[in-house]
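For reference, the chain that follows is the form predicted on its own, supplied as structure tokens.
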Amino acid sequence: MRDRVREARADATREMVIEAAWDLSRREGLTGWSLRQLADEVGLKAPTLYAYFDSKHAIFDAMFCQAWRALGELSATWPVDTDRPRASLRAGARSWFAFSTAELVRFQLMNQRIINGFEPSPEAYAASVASYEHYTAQFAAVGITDQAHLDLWTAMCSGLASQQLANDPGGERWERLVDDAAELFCNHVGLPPDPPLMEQG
């Protein structure tokens, strides 16, 4: 019983440290804070952090895993209508764009190599693989399986999000292009037009 209580407290402290690391990253950038600052944020002495994370990279690893799991959970809610694949891809692109542009530091950690020497652990990387596999299954459901096409889609969506974050944070300049880009992609891969929606009433 005591062991379970102790482990629950340790888990709660680890979660608190991770959330504080996200908060510091939003204020200072991913590479702009120290373990001493992080310890101060959560009311611990810097050496005590090592009881929960053995390095700063271990904290980044936990953040990376958390971010990809969040995207995986979100992507599981994306509807895939095999009768209306173009509408499905547009909806998926909008949802991914919104997730990506909501948090600059999260996007950087997930998609860019800006932390010198950081490589995700196998466990953390598995979260990104699981998210990607869910996405490829959704594309396969509408007949898109060519790896080059999947790569084109990720490059297109990541590029739009990157441009939005870099040049118009909080705005709509590149957001307005998401549907058009999805349609261009659908044309490129040869998806047929969606049938018209049936009117109700």
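Just count from 1 along the sequence shown to find any residue number. For clarity, every value in this text was computed on a predicted model and none was experimentally measured.
The protein also exists as the form predicted in complex with another copy of the chain; that form is not presented, and the subsequent description refers to it.
Legend entry - Contact test in the model of the complex: G143 vs another copy of the chain, heavy atoms, 4.5 Å: Answer no; every heavy atom of G143 is more than 4.5 Å from another copy of the chain in the model of the complex.
Legend entry - 4.5 Å heavy atom contact, D151 to another copy of the chain in the model of the complex: Looking in the model of the complex, residue contacts with another copy of the chain include D151, since a heavy atom lies within 4.5 Å.
Inset, instruction - Spell out, yes or no, whether the shortest heavy atom distance between D180 and another copy of the chain in the model of the complex is within 4.5 Å. - result: Taking the distances in the model of the complex, the answer for D180 is yes, it comes within 4.5 Å of another copy of the chain.
Legend entry - is_contact(A76, another copy of the chain) in the model of the complex, heavy atom dist at most 4.5 Å: Looking in the model of the complex, residue contacts with another copy of the chain do not include A76, since no heavy atom lies within 4.5 Å.
Inset, instruction - Sort through G43, G29, G171, P47 and report the residue having a heavy atom within 4.5 Å of another copy of the chain in the model of the complex. - result: Filtering the options by heavy-atom distance leaves G29.
Legend entry - Residues within 4.5 Å of another copy of the chain in the model of the complex, restricted to 108-124 and counted by heavy atom: Contacts from 108-124: Q108, Q112, R113, I114, N116.
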